[in-house]
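Next up is one chain by itself, shown in structure tokens, the form predicted on its own.
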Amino acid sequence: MLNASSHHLASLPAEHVRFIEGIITRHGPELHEHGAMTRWFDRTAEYVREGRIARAAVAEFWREVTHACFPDTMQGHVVRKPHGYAGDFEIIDRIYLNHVSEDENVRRWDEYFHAQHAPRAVRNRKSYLHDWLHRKLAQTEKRPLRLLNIGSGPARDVREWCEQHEGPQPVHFDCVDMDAKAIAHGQALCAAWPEAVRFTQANSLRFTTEHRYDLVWSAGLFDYLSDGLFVRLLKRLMRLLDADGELVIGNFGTENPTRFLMETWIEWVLLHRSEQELARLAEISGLDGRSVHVDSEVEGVNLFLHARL
């Protein structure tokens, strides 16, 4: 398989090809090889930029290797796209859970996947949401707060919040996602809190409700929206806020060290935006700059646009 696939890399230095073939033969990088593995990906990115190899050839090589050697890993799931799209609820849930295969022949690939900046930033979204909710609860006597969760995915963050709070839930969640399987998954995870967590299958751009919310949260949906759709949905969501409500939108920032690996090797493409770009889109949406600020999780990879009326 390696000899058959490595023709995609034939234009690269022999030692560069030998390195990746050795890693694949040994069933993935060991912990002490993570740095060398990342440097290999970075050097390949330079070869692409220099025109020594086509990006498509790199992607095809990795697709063949993944299907042949480790299809049931984290990156194998993203390459296969069993739900029809990258970033599906199942892979996000596995990232949240730091899922690693029990198969010793592939677990190193999962461990390397989880060690990257982007998965760490995704996991940080849970704590970012929880910290935000704790601050809001400390600032108000209102109970429960009502939160709209747009593009709720697996709802693992909601479940873990509810698990941490016994008795009457201080926050009620309305979760919206267009994927029926994501809705079913979230409903199963949150079945113990039917009064506090509700799910609606809907396209977020068409979702309507008579409710108004103290908090509107969207962790990862906006990563996939063009600027036009970003503005359109932002305007719709702002209209769903209570007078003193707050909206928080997650979006991967342009300083994402895992970007080349995601886009080329596992074909997971996001619309990365800088802090300035997020502020500009908020301004285009008609928001007063004094009511807007941009924050990030601790990795500095996933940014969060905060907005008030």
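Note that residue numbering begins at 1 and tracks the sequence as displayed. Keep in mind that this is a model prediction, so the values were computed, not measured.
Here the subject shifts to the form predicted together with a small molecule, a form of this protein not shown in this document.
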- Message: Is it the case that Asn203, even though its partner is missing from this view, gets within 4.5 Å of the small molecule in the model of the complex, heavy atoms only?
- Response: yes
- Message: Residue-level question: is Arg125 within 4.5 Å of the small molecule in the model of the complex, judged on heavy atoms?
- Response: yes
- Proximity of Leu189 to the small molecule in the model of the complex, heavy atoms at 4.5 Å: no
- Message: So in the model of the complex, is the small molecule close enough to Tyr96 to count as touching (4.5 Å, heavy atoms)?
- Response: yes
- Tell me which of 177-185, 137-145, 106-114, 164-172 has residues with heavy atoms within 4.5 angstroms of the small molecule in the model of the complex? 177-185
- Heavy atom within 4.5 Å of the small molecule in the model of the complex, from candidates Ile92, Met74, Ala118, Leu234, belongs to Ile92
